[in-house]
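So this first bit is one chain, no partners, the form predicted alone, shown in structure tokens.
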Amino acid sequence: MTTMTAREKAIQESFSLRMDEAELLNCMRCGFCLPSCPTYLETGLDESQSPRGRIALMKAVHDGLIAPDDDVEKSLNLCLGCRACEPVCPAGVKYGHLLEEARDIFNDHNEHSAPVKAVRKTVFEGLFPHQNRMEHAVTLLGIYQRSGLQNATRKLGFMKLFPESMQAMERALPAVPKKRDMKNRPRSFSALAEKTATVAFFSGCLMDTMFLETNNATIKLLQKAGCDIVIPDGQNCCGALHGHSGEKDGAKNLAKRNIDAFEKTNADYIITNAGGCGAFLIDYDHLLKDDPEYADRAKAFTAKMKDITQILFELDFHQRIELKMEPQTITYQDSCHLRNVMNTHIAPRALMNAIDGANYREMENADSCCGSAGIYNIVESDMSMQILDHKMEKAKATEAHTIVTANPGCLLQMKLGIEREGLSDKVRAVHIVDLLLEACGELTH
């Protein structure tokens, strides 16, 4: 046993009680995960920044062999949570579950400063759980963009007061919709072809505000695929941001509200168009496994989850609908969570390869993280930008005119990479549903 402070002792006791020891022991220390881990590679093969190393740290804290000090917490926080280690693990270790539990324990015992506490309370309790407040916040961004304030801010050089990555991020933000557009959309839609399924659409928080047009494109594609669509009232943020940031109780509350909302639809499938959201939604059965009221309901919920590309692929959308566009080279950046958790990577590629005029080129290491990882590019900006710069080297090697993604965070990150490389007049980044609707002959934005 090692000497610990009172706080460290409390954390260690929580690790001993709450961490899944069987899952920690499941790791065979084989090292198959190492080549798949971005932070291990980017830190020059630092073992403490690898999945194997982090699991060893968690186990040592669990057993009381080391103190859960700042170095342990930093190692856990520098992890992207991309879960690329999971598909390559021969033992099937659920690393993502271990990471989220460990982060939650640290957060339970952290004494945040007053400013940090206020920001966390605003984000996790005041903003994301309330869709109407998300709409208000995005509306303010729209006013900034449309009023001339954005142009004035840039001309006056105000943005130069911020780090370069923040300047590029501001330039990469999409043009956001007006509030009336967010409010006026119907809650149900009928199939435009022979009916194939009834689906409930998880519209998301950011997706249904900042990326509303991509949601609208998703609905149109589902209609063309023969789906009746319902968008349940009462749904809210998926809880991924909470779960990844040590706010597990908040994530559970959001999960329960979503299950309540979607159960009422009796839909065949629940569809999402955001890889990060989908991966957290499909893990609700784990999140609520100890809840006697919701455990079985969560299993039923997750059994219906599909990404938009997967349902289109299964319904032979790419074979039934003519897809055509102006000749161009395209490439694809996997959403980590879509690939590693939802196991969806064949479907998007099949859909893109079916587009007449699109010359698809596979990006080297397309399955490695782009560095977005939720709010990682804000809280761990240096590592995020280092990963992004290397990702853009691979993207440029494809000579693609269009970089396609399947997640809003990845989309913004790739737009940011294009800005940082000075390629905004030559290369674009688009969500795959926008690309597909464009290939159907419809403008998306």
Partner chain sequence: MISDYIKTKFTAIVGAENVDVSPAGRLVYSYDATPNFQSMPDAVIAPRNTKEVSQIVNVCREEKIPIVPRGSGTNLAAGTVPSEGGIVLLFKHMNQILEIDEENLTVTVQPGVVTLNMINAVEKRGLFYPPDPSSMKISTIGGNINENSGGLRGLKYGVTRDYVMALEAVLPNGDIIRTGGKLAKDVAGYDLTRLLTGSEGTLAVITEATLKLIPMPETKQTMLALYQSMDAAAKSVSEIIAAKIIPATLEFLDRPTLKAVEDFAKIGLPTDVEAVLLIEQDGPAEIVARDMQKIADICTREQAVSVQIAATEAEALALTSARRAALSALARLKPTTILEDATVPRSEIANMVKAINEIAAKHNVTIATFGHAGDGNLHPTCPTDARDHDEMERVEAAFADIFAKAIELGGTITGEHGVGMMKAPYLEWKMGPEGIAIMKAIKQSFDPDNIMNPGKIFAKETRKRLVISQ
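Owing to the predicted nature of the structure, the values given are computational and were not obtained by experimental measurement. Residue numbers count along the first chain shown, from 1.
Another form, the form predicted together with its partner chain, is not on view; read the next lines as being about it.
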property: 4.5 Å heavy atom contact, Cys30 to its partner chain in the model of the complex; result: yes
property: In the model of the complex, Ser381 touching its partner chain (heavy atom, 4.5 Å); result: no
property: Contact flag, Leu25 vs its partner chain in the model of the complex, heavy atom cut 4.5 Å; result: yes
property: Touches its partner chain in the model of the complex: Glu21 (any heavy atom, 4.5 Å); result: yes
property: Which of 32-40, 383-391, 411-419, 398-406 lines the interface with its partner chain in the model of the complex (heavy atom within 4.5 Å); result: 32-40
property: Option touching its partner chain, based on a heavy atom within 4.5 Å in the model of the complex, out of Pro186, Pro90, Pro292, Pro327; result: Pro90
property: Contact residue in the model of the complex, from Ala261, Val72, Leu315, Ala197 (heavy atom within 4.5 Å of its partner chain); result: Val72
property: Those residues of 29-56 which, in the model of the complex, come within 4.5 Å of its partner chain by heavy atom; result: Arg29, Cys30, Gly31, Phe32, Leu34, Pro35, Gly44, Leu45, Asp46, Glu47, Ser48, Arg52, Gly53, Ala56
